[in-house]
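Quick heads-up: it's one chain on its own, the form predicted on its own, in structure tokens.
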Amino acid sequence: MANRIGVYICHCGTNIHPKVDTEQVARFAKGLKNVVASKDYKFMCSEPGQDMIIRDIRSWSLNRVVVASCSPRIHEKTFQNACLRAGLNPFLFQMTCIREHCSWITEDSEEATLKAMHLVAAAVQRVNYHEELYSRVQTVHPDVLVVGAGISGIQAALDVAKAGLKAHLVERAPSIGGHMAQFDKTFPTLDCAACISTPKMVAVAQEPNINLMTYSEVTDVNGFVGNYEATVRMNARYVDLDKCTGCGLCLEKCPTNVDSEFEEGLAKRKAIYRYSPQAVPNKPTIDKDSCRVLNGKKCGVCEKFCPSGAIDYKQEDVEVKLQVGTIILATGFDVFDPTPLKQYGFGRYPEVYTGLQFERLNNAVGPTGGKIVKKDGTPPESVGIIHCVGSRDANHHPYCSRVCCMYALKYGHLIMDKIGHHVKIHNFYIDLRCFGKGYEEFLRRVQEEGVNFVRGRPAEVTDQALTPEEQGKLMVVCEDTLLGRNLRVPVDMVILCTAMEPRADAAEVARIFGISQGLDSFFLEEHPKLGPVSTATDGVFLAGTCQGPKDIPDAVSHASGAAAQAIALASKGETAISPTVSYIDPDICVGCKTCIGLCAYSAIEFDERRKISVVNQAMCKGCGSCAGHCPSGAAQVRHFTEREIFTELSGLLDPLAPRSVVSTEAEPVV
């Protein structure tokens, strides 16, 4: 029996029509082979539009449906669900994009209409060969793995625990808190950062539903949505946390000094150290790269003076297997290293600081006790704050880091507040992006306090004086684009507002968890509007700045959104596994094992008895790598078979060839 296909062309308001003549495309589609119904409508995704499809499936006995509208990333599931409600298998549906591919990018209307016809013809040809596929229901393990314990990871773990579920919170550093633990004040309210984050850190440590694993890393993830197995390496601390009382005597006695990562290199720490003043857990860790004993030298002072016998040089890394149903990634961001921007003098001039270094300089428990002073111990009389260092720069990061303008304004206020309003503050900016609640008001406040704003990106920071007044100063050389003239601004201190960038190991993390990265190398969400916390891998969600630059309120909100998705999946207790996965025809497979090495998800195994490769459909993500490289053609992807793809291509190349053999003269009365 011939297929009976319904074709529906969407206007998408004015996004597609009138650039694409949707009525003409609908008339064209009605003449294609096996098409018995062809209509255009203003909003196919609306309730009346979906009802039209459902009604036609039942009235015309349609067994195939094609919708030509926007991107399938947005509404493919919407129309598949409409087919399902009408009693039609959702995989007998095909969607083609005539908005992004035609109307939005084609200037000429006739050309756009012709291209839309080609795409519709291709979809109609393809849908003829679709097969019924059925999703498999899988139970969901209730536990949630949260990777990264900055403010986003902390919030996500607390939300999961609050729902009564178990959260495994894994943090690479010896303490939780992330970058927020380094901050002094938060904009625009100037709340104490520690006053916000420390109670949450303590709540994590005290929450029975949170399994806190610090100084640990996820090294491998296997499985699929609802049933993941994560391998976590717990690095040796060389301190028994059960015995340690946190007295700190070992820190006092240790003779080895190294640069402190937490203090951004502005102070020293010991080889045995407490990560931060508010560390959770508030117990020390031995840095094996710096410890004399662990490097085969004589010392052992910390072991000698430890009153509780907690030092254990023989500790080894331990691997732990965790069974979880969902995963939340909250791995955070790195701060751009401005050293390559030699024109700004970072690393050459001692009074040039990054924004995070200034945070520590201003912090009450920082290296200077919260005093904003130069290297000689005197306060600066003038400060230059340079915006967009590494951001909005085609040579480094073209994106805006979103937070830089606001923390630059915060620094200006804090300097005046601590040193006095006589200090000259110069903000060198491209333009000010104060987008959040209370942010514009904070800008006005700083302007009224007397901070000077110079519109223009500085060309260089130099210590070369041209006049006696410039002696002993750093000169910020720039063009004021509002005044239209070049300036040399003498300052005592320069603060570089550095970009937020993806973590250095983001590519490796993406590989472990089977997710993608965008052009900016941050982790890629499923959809920027409809799925901002989801990823292409079911059951893996994003939280905070690992997905892109965010301020603290947005990062916390994003984390709660990710937690809500994980909780929803766990609460339901089961999930549908997509059937669009690979399969290998045992009659064609020659056992070359090419596909096994290509599979990024370790979903293919070799059957030694039959000498063929076999796909574990529970682990397969349907990426198609095996199908694309299989020399014998044995590997295929369901719903993307060679027959479907090549038929679609033939429709693109010759859309007028397959003409209708089904009468469409009259529509039945409903």
Partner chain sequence: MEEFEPTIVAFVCNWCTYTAADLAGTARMVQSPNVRLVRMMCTGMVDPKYVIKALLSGADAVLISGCHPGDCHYINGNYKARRRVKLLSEILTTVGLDPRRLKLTWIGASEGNEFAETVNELVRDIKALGPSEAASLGAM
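C-alpha atoms forming the largest set that superposes within 1.5 Å between two forms make up the rigid core. Note that the structure is predicted; figures quoted are calculated from it, not measured. Positions refer to the first chain, counted from 1.
The form predicted together with the partner chain exists for this protein as well; it is not shown, and the discussion that follows is about that form.
If you check Asp587, Glu107, Asp431, Asp317 against the partner chain in the predicted complex, which one has a heavy atom within 4.5 Å?
-> Looking at Asp587, Glu107, Asp431, Asp317 one by one, just Glu107 meets the 4.5 Å heavy-atom criterion.
Listed residue (Leu341, Cys97, Cys306, Ile552) with a non-hydrogen atom within 4.5 angstroms of the partner chain in the predicted complex = By the 4.5 Å heavy-atom cutoff, the listed residue in contact is Cys97.
Want to guess which of 41-49, 59-67, 624-632, 607-615 is within 4.5 Å of the partner chain in the predicted complex, heavy atoms only?
-> Contact criterion met by 624-632 only.
The partner chain contact in the predicted complex: Asp220, any heavy atom under 4.5 Å | Outside the cut-off, so no.
Is Arg455 one of the residues lying within 4.5 Å of the partner chain in the predicted complex, judged by heavy atom distances?
-> Judged by the heavy-atom cut-off of 4.5 Å, Arg455 is well away from the partner chain in the predicted complex.
Tyr601 near the partner chain in the predicted complex, any heavy atom under 4.5 Å?
-> So Tyr601 counts as contacting the partner chain.
At the 4.5 Å heavy atom threshold, is Glu111 in contact with the partner chain in the predicted complex?
-> Flag for Glu111 set to yes.
Heavy atoms within 4.5 Å of the partner chain in the predicted complex is the criterion; list the residues of 38-74 that meet it.
-> The stretch touches the partner through Ser71, Pro72, Arg73.
Core-aligned C-alpha movement of Asp393 between this form and the one not shown, 2 Å or more = Result for Asp393: no, shift under 2 Å.
Rigid core fit then Phe435 CA moved by 2 Å or more between this form and the one not shown = The answer is no; the displacement is under 2 Å.
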